[in-house]
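Just one chain is shown here, as structure tokens, and it is the form predicted alone.
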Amino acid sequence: MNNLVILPVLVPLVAGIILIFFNKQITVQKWISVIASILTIVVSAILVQTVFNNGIQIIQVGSWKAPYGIVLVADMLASLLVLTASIVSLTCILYAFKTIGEAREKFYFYSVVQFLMVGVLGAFLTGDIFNLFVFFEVMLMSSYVLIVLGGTKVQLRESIKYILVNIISSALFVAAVGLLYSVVGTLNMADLSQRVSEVDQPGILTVIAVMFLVVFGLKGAIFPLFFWLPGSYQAPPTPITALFGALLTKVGVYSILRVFTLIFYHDAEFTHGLISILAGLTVLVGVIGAIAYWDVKKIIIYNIMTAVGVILFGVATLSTTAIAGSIYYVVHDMIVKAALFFLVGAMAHISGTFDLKKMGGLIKNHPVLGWMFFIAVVTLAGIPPLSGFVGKLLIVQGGLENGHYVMAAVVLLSSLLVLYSVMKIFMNGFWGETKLSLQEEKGTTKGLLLPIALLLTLSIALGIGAEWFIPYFHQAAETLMNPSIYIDAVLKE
């Protein structure tokens, strides 16, 4: 039993509570938020290295042994996502300092962000499917507050749709958990894996698996459950959209990755075949949306869906190489998607609009911002040797090894279309005729470049230093492909 496992949840929880008492003192809030975020990053990094050296770490809350008590489990997949989410959260907080506005800061913005992180990090670490629901709810309630914070007309309109969709999703989640418990009599994930394996996943369990796919698919915005995403993610300010785009959809993707490799993998021809088809359609809808729009924020939002489709293709193949690629791509996408939201947010901050047709020639006055955007573009498109390339290469390689030629071709084709969609922003926003002189600009990039630089540096390191990072991702994939490692760590502690 290792108390280190609970610290990534405990630190933001304590910080969030403390921040409530300083809601009018903005400087104090900023310092507490940054210190708490750095502390979360440090304990998460130690957790990753501990899992790499000593294997899966668990903590049985209240010393009640699994499968009866609440258990938190840090395998390499959970640890890597906890570390990445913590880093993204810190950069969102730094970006918010200059963009979120005093009114939102005084209305518990920093506190709610910490509570959102409790939900996100808890969802990655829980070893119990009911507590996955609980952490989902913590995350969703925080996101409800963040999406309406500021009270603009568009926020209120989109928040109604967002809240309704998530209430339906939560009801379905509870129903699926209840059905699962009535069939197998346990909710501990390791115990579930063992019991489903003993009965070889009969038809009723496959139906329950599809219910979970719908629930997690709604959160991950897969086809055809993505309808709420473009409007809901466009409504709030950039730091909140970046948090949502980089983290919330990835919690849905993580849940599919966890449940369909640990518990429901015995009827793979149906369940994983279905995931493969949905992944392909999600990629297609994502790239079509990204190409069609001229709103820079919406282009990046549709690219979230493309990435989700690519990641799920790796899951559907059930190949160790492809799953390692999917995990690599999740981490890459969390980092680069947050950076891209910051970049388009900075473009809008300068020009006063998200409409690409009203921008132009920004690179003349903001060369650093322009070249940062270019680096993010080539990273997102998967140009070697950057991080997007490594993840996609492993996914395609694993897909080809298992005979998924059509989907591998779709993933490769999507890279070209993703490149086209983001190059459209670069060519029209940064090149061409300068539409605003320095004096006519609506804002500056002062204070906005540091969080972008931090994320891009990490993304470049992840690509160039792939040889050093890949053993971590292979360990994560091997644990997913051999559920007995997870079961032994949790039930035989």
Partner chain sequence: MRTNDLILQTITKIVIFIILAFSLHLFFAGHYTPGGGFIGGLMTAAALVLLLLAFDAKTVKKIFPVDFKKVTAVGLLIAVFTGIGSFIFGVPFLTHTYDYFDIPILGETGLATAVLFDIGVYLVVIGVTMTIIQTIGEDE
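Positions refer to the first chain, counted from 1. The model shown is predicted, which means the values in this text are computed figures rather than measured ones.
One more form of this protein, predicted together with the partner chain, exists but is not displayed; see below.
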item	value
In the model of the complex, the one of Ile38, Met427, Val61, Ala461 near the partner chain [non-hydrogen atom within 4.5 angstroms]	Val61
Proximity to the partner chain in the model of the complex (heavy atom, within 4.5 Å), stretch among 62 to 70, 445 to 453, 461 to 469, 38 to 46	62 to 70
Whether Ile17, Phe21 and Tyr108 all lie within 4.5 angstroms of the partner chain in the model of the complex by heavy atom	yes
is_contact(Ala489, the partner chain) in the model of the complex, heavy atom dist at most 4.5 Å	no
4.5 Å heavy atom contact, Leu13 to the partner chain in the model of the complex	yes
